[in-house]
Ligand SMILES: C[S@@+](CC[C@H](N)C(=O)[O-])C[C@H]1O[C@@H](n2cnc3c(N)ncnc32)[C@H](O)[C@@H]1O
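Presented below, as structure tokens, is a lone chain in the form predicted alone.
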Amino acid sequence: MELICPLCGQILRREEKQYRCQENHSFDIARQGYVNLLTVQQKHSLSPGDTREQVLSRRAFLEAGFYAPISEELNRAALEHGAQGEILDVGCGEGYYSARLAQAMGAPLTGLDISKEAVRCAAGKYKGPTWLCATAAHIPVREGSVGTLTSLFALTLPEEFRRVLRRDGLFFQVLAAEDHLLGLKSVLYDELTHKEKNTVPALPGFCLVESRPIRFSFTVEREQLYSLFAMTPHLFRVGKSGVQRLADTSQLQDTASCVLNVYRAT
């Protein structure tokens, strides 16, 4: 797929060590292999997105295989629905899901995340794909150049997603369900609050093809339990008493519960 300059919108051409547009805006390719296309104007903080601790915790947890059923179901759905073309993973994190999807489909992959730590980690391990530090609100990809778009446990921006997807392209969305990780939450918080979630949202510019639940149990122990905790937003929300209860927990049986939605661009 063709990348576009985040400053002027012109097509970016890859050179040996950088990307450059006709207006002579250039973006260096980092030593690890990713390119930073997140401009200062697009930042809302000094280091937006997941921290290094979160990224490394997520990699440790995912590579231990705990969430493999989610990856397998995504790959299965993509093949069943005939997903084709270049893949764009928005909110790619350290690349676990999209690298496996690209292998299953035999398709080229571009991963995008606002966290520089995430794409640095992804590029360090997965050398074939293109890894971008950029914002999902302004995806630096030419209009209609994406065949398959994915967003797992990340924001959905339907207008921007529809812009980059080609007509009849497929969008695979994974959202956490209301009962996702209730075991972990029960340890971290004194009281659980019920919040209704719309796990099958109507998206302008898309029609829903299928929605399938993914639900499975797993058991984690001390170090793995901390990795699970640290890769979630609970890392920044929980109080000292919750952290102490987590430290006192030697083993936890929990349930992952999410929804895989398949949309087609109209």
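Note that the structure is a prediction, hence the values are computed from the model and not measured. We number the residues from 1 along the sequence you see.
As for the form predicted together with the named molecule, it is not shown, yet the points below apply to it.
Only one listed stretch (210 to 218, 23 to 31, 48 to 56, 235 to 243) carries heavy atoms within 4.5 Å of the named molecule in the predicted bound form, and that stretch is 48 to 56. G93 belongs to the set of residues with a heavy atom inside 4.5 Å of the named molecule in the predicted bound form. Contact check for L155: a non-hydrogen atom falls within 4.5 Å of the named molecule in the predicted bound form. The named molecule is not drawn, but in the predicted bound form it has a heavy atom within 4.5 Å of A136. Mapping the unseen interface onto this chain, C121 falls outside it, with no heavy atom inside 4.5 Å of the named molecule in the predicted bound form. Checking A102, I114, V187, L74 against the named molecule in the predicted bound form, a heavy atom within 4.5 Å turns up for just one residue: I114.
The single contact residue among L225, L203, L62, L37, judged by any heavy atom lying within 4.5 Å of the named molecule in the predicted bound form, is L62.
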